[in-house]
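Heads up, the chain below is alone and in the form predicted on its own; it's given as structure tokens.
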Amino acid sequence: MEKTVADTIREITREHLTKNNGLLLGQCITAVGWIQNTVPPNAPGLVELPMSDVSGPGFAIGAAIVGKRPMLVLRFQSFLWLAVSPIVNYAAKARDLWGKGVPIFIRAIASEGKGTGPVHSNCFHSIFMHMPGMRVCAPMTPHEYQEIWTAFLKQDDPMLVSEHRRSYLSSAEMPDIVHDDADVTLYAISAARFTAVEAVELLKKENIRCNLVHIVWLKPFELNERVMQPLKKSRCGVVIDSAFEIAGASQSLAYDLMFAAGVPVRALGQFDRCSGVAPHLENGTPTPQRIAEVVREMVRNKTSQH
């Protein structure tokens, strides 16, 4: 049986706690499910934090300073708004101010749907892209998670790992889809990668051919050949994210891509409104249908200009 993302996180965590003298800090670690089966039960180095969200990162920062390389788990990304101050005002600035990195591996878990409502839902990785000294990534496959963990061990800077509950049971890798004659290039982030795959198949039935480039690293975001070449050939693109669209990662990356390639690139993310508890009030990752609607418009505009 292939390893899932949850299996991979659990195994990485167990090895870190047992072999590297590491720590994992968080609230309700030992609650039912061991954080979606991503924490090894009864492993050494598990630290239950009090329900005081502002102080938790302070404990993790102290552990990082004395060499523990802690994992800090935030069960809901909405907690980032409370936890952000010690992270961005000390951990992210420590290298520039004092010449010493603060290596914290911050597992921030996004969720949406199923009545999660306005507080314990949504995805907020964009705010950390704004802060110098922070690395931000959103792995959605087992291999990607292993790669970002390896990257964390090689440096001493804090890393915001934007996880999504939708990925935990997945064992599949997600290679890019690139065609020489594509009509549009999609760039997908977080759980939007799953809906983008569905959108590609939906549009294929309409004879609209899409490239799909999967984005793991939000910061640094590298405009390398893998990222740029499909866009230059298709002549238009869409960046899709599970976070809010306005002032978010999708708009930031879309700007970089559009400026570098000189072609139109749209941003697509959550609507600028609060999420409710009722199904018709939910506000989550753009659906395949919404992605397809934007792609159709982009392709029509491109065709009309030729």
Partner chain sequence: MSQATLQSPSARSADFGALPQLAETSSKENSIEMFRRMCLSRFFDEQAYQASKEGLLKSLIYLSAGQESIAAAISTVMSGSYIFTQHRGHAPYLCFGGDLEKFIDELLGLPTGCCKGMGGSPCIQDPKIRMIGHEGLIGEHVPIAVGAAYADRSSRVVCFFGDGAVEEDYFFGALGFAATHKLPILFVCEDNDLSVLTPTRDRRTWQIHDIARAFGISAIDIADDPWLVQHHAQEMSKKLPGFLNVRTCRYYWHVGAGQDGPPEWDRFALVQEKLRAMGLGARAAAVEKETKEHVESVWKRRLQTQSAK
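Because the structure is a prediction, the values reported are computed rather than measured. Residue numbers count along the first chain shown, from 1.
The form predicted together with the partner chain is left out here; the points below concern that form.
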When the contact criterion is heavy atoms within 4.5 Å, does residue 114 count as touching the partner chain in the predicted bound form?
yes
Any non-hydrogen atom of residue 66 within 4.5 angstroms of the partner chain in the predicted bound form:
no
According to a 4.5 angstroms non-hydrogen atom cut-off, is residue 272 in contact with the partner chain in the predicted bound form?
no
Classify residue 256 as contacting or not contacting the partner chain in the predicted bound form by the rule of any non-hydrogen atom within 4.5 angstroms, answering yes or no.
no
In the predicted bound form, does each of 50, 78 and 277 have a heavy atom within 4.5 Å of the partner chain?
yes
Of these, 82, 228, 202, 129, which has a heavy atom no more than 4.5 Å from the partner chain in the predicted bound form?
82
Exactly one of 169, 119, 97, 153 has a non-hydrogen atom within 4.5 Å of the partner chain in the predicted bound form; which residue is it?
119
Segment assignment from 246-254, 233-241, 42-50, 262-270: heavy atom within 4.5 Å of the partner chain in the predicted bound form
42-50
Residues of 16-39 having any heavy atom within 4.5 Å of the partner chain in the predicted bound form, listed in sequence order:
28, 31, 32
